[in-house]
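In the form predicted alone, a lone chain appears below as structure tokens.
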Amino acid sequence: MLSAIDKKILAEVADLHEIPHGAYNIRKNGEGAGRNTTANIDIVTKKDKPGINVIIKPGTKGESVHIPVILTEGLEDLVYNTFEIGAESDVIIVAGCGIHNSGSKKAKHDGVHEFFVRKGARMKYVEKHYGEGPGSGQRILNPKTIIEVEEGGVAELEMIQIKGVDHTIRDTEVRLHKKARLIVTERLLTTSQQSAESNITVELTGEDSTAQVLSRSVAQDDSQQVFHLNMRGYAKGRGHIQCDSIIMDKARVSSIPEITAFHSDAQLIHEAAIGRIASDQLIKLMTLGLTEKEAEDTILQGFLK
């Protein structure tokens, strides 16, 4: 049975305002809280460790899978999920973890997600992390994502952490085969004493593979952020890394983009920028009637959108 708090968290991490009609698996405090499969998408509980196998049949089009996780105070959860994205399919997978901590004990979720995007398949993967609650206990989320994209496949990732997570280490590893494509958009906000580390490694192993990684973040108060973005070209292909951060108050941001070419036809580019909000942007919005705080919030929301 889902409480009002559970339903609020589901809306935040998976945009679910009601139980979805398609395939889904809802996990609450380490246990299953609801599951549904379809004719083309099966969800099977792993037998050797906690987690699920999601099997999407070849040629499946226009379907989605929601796999949200809800966690409360004093619990530590670890899952291993494997996704088989069948050849020539086109699907959306929405994952996310929300923590409601109302006490003094920490709540922690570690998730290892492994994806096999088969030949000619297209997958959009949306991962949202969110924390709330009046308690002093930490909210900790450590996702690890491993993706193998076969010939002609496409993997599009949206990785979002906008509120309430005290500590996170995000590890993402992607291997691209011939003519495979990767698009990554990362959005991250830290406040107070929060810390976040994001490690993204992309290997272009197949001819004519392409990758684009865009990371945007805002660090406020005394929070800390570290980004390691690593792209390696082993064959003819193109890759672009861009990391943009807004730093405020007494925060600290470190951006470490790295590109390595092992082939003469690998074309790799990296860009990184860290700075504060431009004063002329604030002034322009304030002349329209906004207070300085409202103008600041408007700029940050647009930056992280």
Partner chain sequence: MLELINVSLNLDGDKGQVEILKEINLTLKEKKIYVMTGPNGGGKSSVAKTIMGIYRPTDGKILLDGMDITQLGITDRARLGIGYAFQQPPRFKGMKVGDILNIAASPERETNVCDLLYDVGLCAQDYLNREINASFSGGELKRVEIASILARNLRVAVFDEPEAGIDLWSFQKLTETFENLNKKYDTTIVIISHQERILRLADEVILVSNGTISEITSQEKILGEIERLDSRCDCRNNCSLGGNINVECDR
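Note that the structure is a prediction, hence the values are computed from the model and not measured. Positions refer to the first chain, counted from 1.
Not on display, but discussed next: the form predicted in complex with its partner chain.
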item	value
Location of its partner chain contact in the predicted bound form, chosen stretch of 46-54, 63-71, 256-264, 274-282 [non-hydrogen atom, 4.5 Å]	274-282
Single option in Lys106, Arg122, Arg216, Arg232 placed near its partner chain in the predicted bound form, where near means a heavy atom within 4.5 Å	Arg216
Its partner chain contact in the predicted bound form: Ala11, any heavy atom under 4.5 Å	no
4.5 angstroms heavy atom contact with its partner chain in the predicted bound form for Thr298	yes
Touches its partner chain in the predicted bound form: Asp244 (any heavy atom, 4.5 Å)	yes
Asp15, heavy atom within 4.5 angstroms of its partner chain in the predicted bound form	no
